[in-house]
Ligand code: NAP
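Next comes just one chain, in structure tokens: the form predicted alone.
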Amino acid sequence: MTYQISGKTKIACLIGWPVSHSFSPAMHNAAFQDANLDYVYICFPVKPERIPEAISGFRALDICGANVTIPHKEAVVPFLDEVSDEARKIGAVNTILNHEGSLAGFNTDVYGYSKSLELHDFDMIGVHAVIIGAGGVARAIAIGHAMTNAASITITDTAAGKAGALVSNLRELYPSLEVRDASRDPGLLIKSLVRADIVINATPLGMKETDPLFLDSNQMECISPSAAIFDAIYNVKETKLEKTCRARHIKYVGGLDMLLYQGVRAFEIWTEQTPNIPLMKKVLQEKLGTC
């Protein structure tokens, strides 16, 4: 695919650490070309300590828009001029719009997550959800379930205090919601897994072939065959978790459609146009090697 870069070409980008695994450049560049837009999308690996400089660089270089991935989704928030209500509730930003030097932050992960479950015929309303991980993606997923009247949300994370902070935030936003931190309570996690309608892997586990499952074998056995497992990992053709779910006949929802639809919404924010969604999905599938 050939791109005609001109002196007027607008630059959109992805920042994260690392970013070399990302499928977003292929997806967005195909959509820009299909829409005859003079844009190009590139990746910038940004170390965590360089976030303030990176955000200043958006203004200095007139970067038109950006996506933000692990581990920067929460760290960028204080450096933006405004943040959408949804992103403010989540406490994390994954999309930035630069309008004449003013940077606005959005979170399109809730839309991407909700859309991916919808495509797999999973109804989010009133479910018992268990979220493993408490980073930016987990925050978006938790807010998505809170907004759809979850029966309960249980969260756990290996980092001390991280799940507790998210639980406290959810209780403030949604006082009537049953939300619990199971980080220091293995028994509570087991009970939550037993009654769960959906269990979410919001950790990076699964990105590498050598990674263990996000739950141990005993915890996996607690999950009902009628439940679903959502895996935020998207850059592996067939994860160990997907194989495990297939063996146990549990509905598995991978992260590719979430990536697709959060990207669709970001494209709309940057360009005020709707992209060619089938093309974007085809490009992602080609990158993954599934078509």
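Sequential numbering from 1, following the sequence displayed. Keep in mind it's a predicted model, so treat the numbers as computed, not measured.
Not on display, but discussed next: the form predicted in complex with this ligand.
- Proximity to this ligand in the predicted complex, defined as a heavy atom within 4.5 Å, singles out one entry of G91, G164, P71, P204, which is P204.
- The single contact residue among V76, L103, I132, I153, judged by any heavy atom lying within 4.5 Å of this ligand in the predicted complex, is I132.
- Under a 4.5 angstroms non-hydrogen atom cutoff, this ligand in the predicted complex lacks Y39 among its neighbouring residues.
- Within this chain, D157 lines the site of this ligand in the predicted complex, having a heavy atom no more than 4.5 Å away.
- The closest non-hydrogen atom of G255 lies within 4.5 Å of this ligand in the predicted complex.
- Interface residue remark: M27 is not counted as part of the site for this ligand in the predicted complex, having no heavy atom within 4.5 Å.
- Residue heavy atoms within 4.5 Å of this ligand in the predicted complex occur in exactly one stretch of 244 to 252, 231 to 239, 49 to 57, 31 to 39, and that stretch is 231 to 239.
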